[in-house]
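A single chain, nothing else alongside it, follows as structure tokens in the form predicted alone.
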């Protein structure tokens, strides 16, 4: 069942049919490279059919480990950086109560979920260690190699904390490792210490790994129906595989964004009027930035939460340089069921909105902003989800993964490596070793 659709009316005035037709050949050639595995990075295409490849045995392992974590921990800490945490946090934020970590366990029905290992902030780690002193804790450390410094430092800190609190054997029962199936420092540690271990497929890169145990185990701990996410992604893998830009909205989106890029619009803003999409936007930013930003090429991806950011970035979008286009995620069905009450004296002058759903007011802001931005020269593509549920989010995840890979090939880069990331790591390690 399709729960995702795209509206291109806000971008059509900025792209001619001729320009779209000229881009068509490049998009279809990129499709062929993916299908035939002949493009750059062809050894990293495991994500393409990942929803079909996950086994019942792996699903059961995830479920059983999640139950164990729920029973043993007040706090569950996910240790990872980039693709090793953004996908899980994105999905958890979408489906959790906004104030979930502040609710009592009886309402939350799972441990508090905290993310670590995504910075080198001493303040954050100290505050975290202080917070969990009197809590029962379990951790999931996620890294293909185990050598990335941010999660490695956090893992050492938390491992020492657990071993001091529970002993070496007790700590081992509370450490869950998601890593390479065969090689790497973290794999060696997990094997030696007999930690419960999950495998990141060798042919799936970090930013494409949300539909592996990297994302699925934290989701399961949060009681999110990850099987529906997998099913939605499976449906999208078929829906967005047609070799056409006329009937395949994923490929049409790629064609439009690349025509706009050629015309000098080199910044794409992904926006939503729902604050719980903040980390989904962060996931999107990493996916596209690491995939496309190479060889002095690439669309710069940014993110906004409206209407909040209309009061900070809105002026720039409306009247700044005309090098921006927007993609907006819209949720059709409102499940908040909250309306503005009326007051007898109408002191704030809002009775003209009395009894109207807050979502209705938000939608008018959305429609008004889209019109203003288009009139101001900012193309807008709308991604409509008929409802915010796991199945539709699975479709949305796969939509962006497929679009990112195809767009990378259209740009002429390898969408599956990240050589530039290694530059800062090399310099950082040289500086750290000099201080020995």
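Positions refer to the first chain, counted from 1. Keep in mind the model is a prediction, meaning the values are calculated, not measured.
In what follows, reference is made to the form predicted together with 5-phosphoarabinonic acid, a form of this protein that is not presented.
With 5-phosphoarabinonic acid left out of view, the stretch that reaches within 4.5 Å of it through heavy atoms in the model of the complex is, among 215 to 223, 202 to 210, 326 to 334, 266 to 274, 202 to 210. Only one of 318, 148, 118, 112 comes within 4.5 Å of 5-phosphoarabinonic acid in the model of the complex through a heavy atom, and that residue is 148. 5-phosphoarabinonic acid in the model of the complex comes within 4.5 Å of no heavy atom belonging to residue 158. None of the heavy atoms of residue 257 is located within 4.5 Å of 5-phosphoarabinonic acid in the model of the complex.
Within 4.5 Å of some heavy atom of 5-phosphoarabinonic acid in the model of the complex lies at least one heavy atom of residue 418. For the chain shown alone, residue 84 is a contact residue for 5-phosphoarabinonic acid in the model of the complex, at least one non-hydrogen atom being within 4.5 angstroms. Here the marked residues 16, 19 and 381 all miss 5-phosphoarabinonic acid in the model of the complex; none has a heavy atom within 4.5 angstroms. The partner is not shown here, but in the model of the complex the stretch 283 to 297 reaches within 4.5 angstroms of 5-phosphoarabinonic acid through a heavy atom at 286, 290.
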